[in-house]
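This document opens with one chain alone, in structure tokens, the form predicted alone.
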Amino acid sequence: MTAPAHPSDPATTPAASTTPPAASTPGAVRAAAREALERARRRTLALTDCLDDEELCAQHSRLMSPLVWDLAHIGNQEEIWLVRAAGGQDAIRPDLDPLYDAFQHPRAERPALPLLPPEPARRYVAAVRDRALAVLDTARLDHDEADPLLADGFVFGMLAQHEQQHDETMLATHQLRHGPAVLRAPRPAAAPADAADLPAETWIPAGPFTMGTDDEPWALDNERPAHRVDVAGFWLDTVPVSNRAYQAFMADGGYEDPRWWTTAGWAHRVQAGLHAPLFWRRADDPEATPGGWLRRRFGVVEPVPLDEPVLHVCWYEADAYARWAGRRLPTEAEWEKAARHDPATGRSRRYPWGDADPTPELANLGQRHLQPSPVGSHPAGASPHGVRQLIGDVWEWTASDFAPHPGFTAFLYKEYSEVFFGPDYKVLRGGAFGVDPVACRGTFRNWDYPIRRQIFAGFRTARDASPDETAGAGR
């Protein structure tokens, strides 16, 4: 069975606006919200219509829900927030609320629940969407609307992001499933001609910058509020760590040498038997592929491309590589300064390239491809300092635990962010090829356990400046 090849396939959908500019007119907000919701739904259906009912109901990994659970959960959350909360309407299926409450049922247990079968689930989400769009057509969406759910269309943007985040999770489930390929997308373009000549690292000068946001209309609670952070000067990789570079770590015994691992990381490496990124395996004939490694990518087995960012590594692996290389992972504040600070004006941009919405020339987002672009790609999307691919391609692990910004206030509910704050979770930044632009910006924060590898995560490294470097540069 192959994926549907039609314009609603995310890989063939043109890039569109992400969020409305601050203080947009209600009409502009309404149009942006409708487009974001409809784009998300096209992707949801493309990720589910390509599989038969048996595969939709199967649990392809205990790390993930059955795809049919995600489908109905998307509809249930939309009913709760758009139909009931924003629209003030009666519930459609209140009996489904506990069934699709992610906090009541761990993923491993969801296949045993009395879930809606695929066709009833499709009918349910379609019925909810009809009601939700009717609410959107009449809701007050002014910037100064007293109801914070409706001001600037926040709740509609939140639900578009929620659906796209589940679409990314469903894409990860597709990667974990075994069987023939059902998703199709063109490969990214080759690296630009200057990629091989880029400096290995880029200097990010010391000084303050504004981290977080107060004026991004659809920013989530953990991105707020904007606050001043003073960052010491540091060096950052110009591009993400590549498969070629990561294989050098492997070839040098990086997985066998406890010197490079934290105590917890080494214990996990041994217990989990880590020896390579997830989905990699040795080729039967080492001469048949560079480095002798193959990978499975959405049902296709292929040689590991040496010039792509390394993918499907956990935080412990990223940290060990950085130590082996004599470097470290950047902090979250360092990452955001590199991605947003404009040294010419002192302001923080929405994205590395400026405030304009992402396009295919600027970043690899939106599932247009099913893999990262080669390292050094998207020169038009570089930061003012020349750092490339900070947005798109792979989520990037940082050294930081997930913590609230100073002055944080939970909104709409504590379970979105607050319950996850603490040392158990590490922050990832920047988005990946499977992230939609509506859920990716310079302030967007992702987080996960340091053992997670099924997510589309890679990394880049940093280092402190030596005293001679700092003094010599006059910084």
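Don't overthink the numbering: it's just position in the shown sequence, from 1. Given the structure is predicted, the values throughout are model-derived calculations rather than measurements.
Omitted from view is the form predicted together with N,N,N-trimethyl-histidine, to which the following refers.
Stretch 410 to 418 is the answer when you ask which of 430 to 438, 34 to 42, 47 to 55, 410 to 418 has residues with heavy atoms within 4.5 Å of N,N,N-trimethyl-histidine in the model of the complex. Among residues of the shown chain, residue 323 is not one whose heavy atoms approach N,N,N-trimethyl-histidine to within 4.5 Å in the model of the complex.
Though the partner is left out of this view, residue 65 does not reach within 4.5 Å of N,N,N-trimethyl-histidine in the model of the complex, counting heavy atoms only.
Contact between residue 295 and N,N,N-trimethyl-histidine in the model of the complex is not found at the 4.5 Å heavy atom cutoff. Under a 4.5 angstroms non-hydrogen atom cutoff, N,N,N-trimethyl-histidine in the model of the complex has residue 166 among its neighbouring residues. The candidate spot formed by 268, 312 and 459 lies out of contact with N,N,N-trimethyl-histidine in the model of the complex, as no residue has a heavy atom within 4.5 Å of it. Interface residue among 110, 129, 73, 405 relative to N,N,N-trimethyl-histidine in the model of the complex, by the heavy atom within 4.5 Å criterion: 73. This chain appears without its partner; in the model of the complex, the one residue of 162, 224, 122, 369 with a heavy atom within 4.5 Å of N,N,N-trimethyl-histidine is 162. Contacts with N,N,N-trimethyl-histidine in the model of the complex, taken as any heavy atom within 4.5 Å, map within 417 to 451 to 446, 447.
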